[in-house]
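We begin with a single chain expressed as structure tokens, specifically the form predicted on its own.
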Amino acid sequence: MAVFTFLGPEGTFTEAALLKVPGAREARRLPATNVNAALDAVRAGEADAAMVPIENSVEGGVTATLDAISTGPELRIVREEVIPITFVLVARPGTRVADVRRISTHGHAWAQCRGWASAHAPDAVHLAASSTAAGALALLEDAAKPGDAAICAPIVAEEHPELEVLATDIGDNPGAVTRFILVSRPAALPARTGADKTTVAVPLPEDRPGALMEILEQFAARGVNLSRIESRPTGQYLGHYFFSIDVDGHAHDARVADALGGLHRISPEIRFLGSYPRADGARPVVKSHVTDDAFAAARGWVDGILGGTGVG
């Protein structure tokens, strides 16, 4: 039986993303207390794959995930899912919104509901939780105090009727979505579909003018579109960064493979994190001079020159 882990506890948006994976409902599912724990379970062979959040449409990249997959023993992203995000405010029965003084939730959820909280519970402070579900379930513990509330997914309230919903649809952006990735140990790449994404982590080789431009030129010269780029500190020393990058295309696409080779020459410590199908199925527009056929024709022309049969 397949074993999956995810950022828990049960009822998180991460679990909802995992349940979209074929076979996940029938598999053994292990909630993890944090992203590092989920990924370490995969590295240790305790789970076949882990579902973790990587990007939110409002807050951007999930730094815990970006850092964790870019260091340590290598992992591969094999799938992504995008989940619409809606929030409710819950508390113990008898609590009113006006009574709320502390709101527990994950930092990304708080950022997406901060405007609502400021308008409706201006005296409340945020208490950080490892996940939205964890913050809500903490209300059921003896340590919970009067005035405690939590922001979580509606499914948590549905599964725990001992929690009372004080307000629904409290997100500041009704169109918010979160992107999740399924991560496994390195293996054969998922087959390319024509609507794929490739993720890499590229350390800045040296801090000097034009260093980032050299990295970006590897993509631009080959017609590879970047869909996300974020800088993250390596933790080695102040001013030392790597870039977490998503590009349109698969490593088996000639233009992407050529760009990866160029990046490796500039930054040999580059980490390839996977090529996998896009959740939205969108296919990139590929110009004629960077198609696989164009690259093959160019290689054939050069091979002809090297073999003494090429013509100018």
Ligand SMILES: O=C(O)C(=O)Cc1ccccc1
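Model, not experiment: these values are computed from the prediction. In this text, residue numbers run from 1 along the sequence as written.
Missing here is the form predicted together with the ligand; even so, the following discussion is about that form.
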Have a look at Val200, Ala150, Val183, Ala109 for me and say which one sits with a heavy atom within 4.5 Å of the ligand in the model of the complex.
Ala109
At 4.5 Å between heavy atoms, only one of the stretches 186-194, 222-230, 127-135, 71-79 reaches the ligand in the model of the complex; which one is it?
127-135
Interface membership of Gly61, the ligand in the model of the complex, 4.5 Å heavy atom rule:
no
Classify Phe87 as contacting or not contacting the ligand in the model of the complex by the rule of any non-hydrogen atom within 4.5 angstroms, answering yes or no.
yes
In the model of the complex, is there a heavy atom of the ligand that lies within 4.5 Å of any heavy atom of Pro31, even though the partner is absent here?
no
Find out whether any non-hydrogen atom of Gln218 is located within 4.5 angstroms of the ligand in the model of the complex, and reply yes or no.
no
Residue by residue through 34-56, tell me which have a non-hydrogen atom within 4.5 angstroms of the ligand in the model of the complex.
Pro53
